[in-house]
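We begin with a single chain expressed as structure tokens, specifically the form predicted on its own.
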């Protein structure tokens, strides 16, 4: 019999012998070929690799493999250029500024017809500014407006059907103007979310929370809920003054409603996007604790894509002119950078309300142009856009890397008189100093 001390020594020696034998056996085996795992050296190859190469690269080269679906834009399903077509069926009074149509909703397909809802202003004069506004004179393009709708069978020619949401009587939400609507289809019923103005536009933040009307048919009649659906934030919060551009989608059996708010000092406003979630179209909606979830953009335009959601971030902020993506529907990353993105994009989203986990993307929709006349006749008009942000369409013409503009496009961005005077003064000082 061995003592406990002797048993411990024998165990240690046995373990050492076993490890020695294993080491010798391993050294006798042929070693794997490391040629495929060795880090590449030398100059970057002439043919751009589609997958990330194993080599030291600059931050920019790393980024095109880690941040984008493909290093080549034409192979990125979330990259597209945009084409525009004038719509048939809308009259604008020879563009005298008394009729305006803007801020369309997502396109709804129902029983063989496309539906679109939009802000419609028909006033005796074009906008006159807040100081000159009255009960009949608008302060802004969206003041004294109602929500109208139109239908189409091809997306190019539309038949205007008339008013969907009228302004209610004072002091109900939206008595001054109802604008910037979007559509939700939920369990066989239809819901229009919109901004309800209770004063003429032009004051700090355009205080206008989200209101709602509902119907059994996309043709109405629409029943107003007469309650604020998403209230402005409390004092000191980023969205204390405005909840603009409500945009509902269905995800995880819930309504995900994205919205824009303006915060900061007037004249230097910062525009970002928030998210509020509800189990029921009438609420209550709970604002996401990570708001804002998109740091740029104006009217929010989103669509399910694969497992997540994509956003057209077309104007305002450090990440404007980008298409962004969030697999978790909250944390957005830049997926591509584009040009001539549509203002107030309102795409046809076939699976907007289907609870999909494999979003197919978009190929067309409506938007608006705002610079269709001189300032004294200011108004907006609806327009069609086409693109390829779809898993099902592959259109090489939409994947061109750039847009070629004629010289007059650049010249229209000319210097103002103030800028010309400043440059002239700077130049004279420089010449006199010689």
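None of the values given here were measured: they were computed from a predicted structure. Residue numbers count along the first chain shown, from 1.
One more form of this protein, predicted in complex with a small molecule, exists but is not displayed; see below.
Asker: Taking any heavy atom pair closer than or equal to 4.5 Å as contact, tell me whether residue 105 reaches the small molecule in the predicted complex.
Answerer: Residue 105 lies outside the contact set for the small molecule.
Asker: Just to confirm, residue 100 within 4.5 Å of the small molecule in the predicted complex by heavy atoms?
Answerer: No.
Asker: Can you tell me whether residue 142 touches the small molecule? I mean in the predicted complex, with a 4.5 angstroms heavy atom cut-off.
Answerer: It does: once the small molecule is placed as it appears in the predicted complex, residue 142 has a heavy atom within 4.5 Å of it.
Asker: Would residue 332 count as touching the small molecule in the predicted complex under a 4.5 Å heavy atom rule?
Answerer: The answer is no: residue 332 has no heavy atom within 4.5 Å of the small molecule.
Asker: What is the one choice in 360, 251, 260, 176 with a heavy atom within 4.5 Å of the small molecule in the predicted complex?
Answerer: Only one listed residue qualifies here, and that residue is 260.
Asker: Just give me the single entry in 206, 185, 77, 146 that has a non-hydrogen atom within 4.5 angstroms of the small molecule in the predicted complex.
Answerer: Going through each option in turn, the one that passes is 206.
Asker: Spot the stretch among 84-92, 238-246, 352-360, 130-138 with residues whose non-hydrogen atoms come within 4.5 Å of the small molecule in the predicted complex.
Answerer: The contacting stretch is 238-246.
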